[in-house]
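Quick heads-up: it's one chain on its own, the form predicted alone, in structure tokens.
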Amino acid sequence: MLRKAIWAVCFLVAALRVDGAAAFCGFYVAKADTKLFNESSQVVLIRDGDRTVLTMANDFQGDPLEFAVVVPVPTFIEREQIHVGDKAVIDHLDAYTAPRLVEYFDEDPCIDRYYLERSMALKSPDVDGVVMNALPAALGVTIEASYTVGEYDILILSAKESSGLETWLRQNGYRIPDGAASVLGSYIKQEMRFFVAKVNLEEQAKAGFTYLRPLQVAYETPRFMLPIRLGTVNAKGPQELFVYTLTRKGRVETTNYRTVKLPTGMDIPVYVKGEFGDFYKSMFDTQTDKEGGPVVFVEYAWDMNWCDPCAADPLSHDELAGLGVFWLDDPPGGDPQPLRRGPSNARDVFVTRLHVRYDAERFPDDLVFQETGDRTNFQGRYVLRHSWQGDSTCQQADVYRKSLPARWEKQAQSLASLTGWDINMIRSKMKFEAPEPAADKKWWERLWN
């Protein structure tokens, strides 16, 4: 019998600083998206009241026959509650929320100018049953429903005890890691069901897709949580999880682990522009180590209607609807209306990007969330400031040139503190030398020479 590997959507949804609303300005030049991390997992959670839409991005590499996912879910799932999504929309959301690098260019200090504050508000572009080979009833396992959705065959299971569920999964070709029984048992005690999916090769061929599209599940539950523990059972080491929450009121945080904002707003040396990926990974490693205990980092929190600077355009009405944002066309204070397609502002959609590096030792419990009323904009943002290289001479220029070494040293110290990199190595890469002042000339000689 073919043995199907269980894909842990990182957490396996299992066997399965600049605060405030002022514009940042500057020029966006780079982003730190999830592609920087190997074997990272992405989850999108749409949440309003007890209604939840969960989207799991499948980054499985290998033979589709070896793919399977088992997800603990809090309630029975009907066929109409399951959908196959679009990976491109998750990629867009990743790009839009990714920590970013921006750069500024110093002005000629000899030129007096009035600077007007700029504000920017970007407008969004205007079932056939599945038959397994075991006897589930004898093991206390109940197949409550079976569906084919897109290229996936899906079962909804319930179980009386973990050993019976583990035995049934093993007998039906699912490779369960040692130690999974205790984790399965904890979900069974909570009376959770199990969403089991595998690839239907015939349906995949009909659809013409060569990759696995995201699975989406809509359900109602008072518990705003994400199961991660099964994904730690057979993990080779810490895992990267990116959770994007889209809610109405404001920022989302975890209630059972500390939620911490990434350091942000620091000036760092200009040479980092060519090493931003290495910088971000080292910075995240260092900040994780500094926190010591388990922590969930906020990398982005923003009203979906705009961004500044923008690593990508805000998601369109259709993209948000595709992720399951079901209140887009609700009248204020009224009853939900049928969802309409087409251009629209993302009214009352606040996105939070959370990044957690977890393992079984430091994260023994599933992630539990709460929506706050905090709509303060936040982004992981790092600044390059290019020094002015002109030859103008004036008192302000002299003061400016003399101030540069101290500014560069501060940038080097900030970079060392953020990343743990050796300060002398940073200084050598910066190669900072203040520009030589221009030879003293009469002002009229400088006009034409």
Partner chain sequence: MGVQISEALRDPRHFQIAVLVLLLAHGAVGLDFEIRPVIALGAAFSALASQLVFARLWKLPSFDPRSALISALSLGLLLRTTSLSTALLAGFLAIASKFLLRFRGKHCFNPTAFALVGVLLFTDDAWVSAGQWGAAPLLGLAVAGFGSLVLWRARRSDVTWAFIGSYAVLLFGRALWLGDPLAIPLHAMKSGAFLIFAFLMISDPRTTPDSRAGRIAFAALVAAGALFIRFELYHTNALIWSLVICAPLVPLLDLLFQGDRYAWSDFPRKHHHGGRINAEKGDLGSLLPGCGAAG
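Being a predicted model, the structure only gives us computed values, none of them experimental. Positions refer to the first chain, counted from 1.
The next section is about a form of this same protein that is not shown, the form predicted together with its partner chain.
- Although the partner is absent here, residue 185 is a contact residue: one of its heavy atoms lies within 4.5 angstroms of its partner chain in the predicted complex.
- Residue contact check for residue 306: none of its heavy atoms lie within 4.5 Å of its partner chain in the predicted complex.
- Taking the partner from elsewhere, residue 364 is found to have a heavy atom lying within 4.5 Å of its partner chain in the predicted complex.
- Although the partner is absent from this view, residue 374 contacts its partner chain in the predicted complex, with a non-hydrogen atom inside 4.5 angstroms.
- In plain terms, the part of the chain that comes close to its partner chain in the predicted complex, with a heavy atom within 4.5 Å, is 374-382 out of 236-244, 92-100, 374-382, 271-279.
- Contact with its partner chain in the predicted complex, judged by any heavy atom within 4.5 Å, is made by just one of 290, 206, 189, 79: 189.
- The contact with its partner chain in the predicted complex, taken as any heavy atom within 4.5 Å, belongs to 253 out of 253, 153, 166, 299.
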